[in-house]
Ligand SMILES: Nc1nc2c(ncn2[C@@H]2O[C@H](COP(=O)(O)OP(=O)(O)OP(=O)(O)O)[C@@H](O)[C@H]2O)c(=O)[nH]1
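Just the one chain here, laid out as structure tokens, in the form predicted on its own.
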């Protein structure tokens, strides 16, 4: 008998949600960078094993956001992921604290699916934090959730990066996945998103690595043209920024920065697609796009 279900992965920014998803799927599906709030939209990752299929929902980090604009959109994406999953993984960085986690706890209070509390990044015990601290936070969060009527099915201490404890987490989760037909019929399908989405994400990832602290948060990427029938595949993309001064920073002196971004992104995309590509990049100003709903729609971020 087939089993199939959806697991929403939620937590604060930088809890390691995308890293865990990539590790479980064995591929770089969601982009991961050292900066917080890298994930902006819900991404489905599909794991099919034997007769079972789990559809993971990777979500933006839950944070307090002003009404309207990109930050509100990101929080709404996370909220939307909690509407109909069969199970919720609540991922926590053990270096956090109960006070910082309360917004996630409050959000889970309104969810109907069972919750598994996952303390991530346990490969860093002895460095950034102690095992005792992780256990104390686990107990505090379990109690805080219980006080709000949220029953924690189980707790797990894992490392998504090092795959410590992930097999046990999956085993416990499979037991809670109901019997039923697969949600996606192709056992080799890894996501519901089109190739264009992942290509744009590969470019955006390079912006986080190669630009300063704040600039990447003001950048968005749109694929203008994707010509699969040419050899090499020809891709033309636009990097949107909010101000003219940011445009100059992305382009760099004599075009050196945009060239560096393009070369680095091209390697990532070629590895993802398994073939050579031509990548053309240009930079345009879309004023205050992060706070403008119409602009979010224009670049495909308002569904």
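Keep in mind the model is a prediction, meaning the values are calculated, not measured. Numbering follows the first chain given and starts at 1.
Keep in mind that the form predicted in complex with the ligand is missing from the display, and what follows is about it.
- Message: Only one of 273, 47, 44, 32 gets a heavy atom within 4.5 Å of the ligand in the model of the complex. Which one?
- Response: Checked against the cut-off, the match is 32.
- Name the single residue among 37, 28, 246, 264 that comes within 4.5 Å of the ligand in the model of the complex, judging by heavy atoms. Contact with the ligand in the model of the complex is made by 37 alone.
- Query: So which stretch, 142 to 150, 176 to 184, 189 to 197, 159 to 167, is the one near the ligand in the model of the complex (non-hydrogen atoms, 4.5 Å)?
  - Reply: Of the options, only 159 to 167 has residues within 4.5 Å of the partner.
- residue 124: heavy atom within 4.5 Å of the ligand in the model of the complex? Flag for residue 124 set to yes.
- Item | Contact test in the model of the complex: residue 292 vs the ligand, heavy atoms, 4.5 Å | No, residue 292 stays farther than 4.5 Å from the ligand in the model of the complex.
- Query: From first to last in sequence, which residues of 1 to 24 have any non-hydrogen atom within 4.5 angstroms of the ligand in the model of the complex?
  - Reply: 12, 13, 14, 15, 16, 17, 18, 19 sit within 4.5 Å of the partner.
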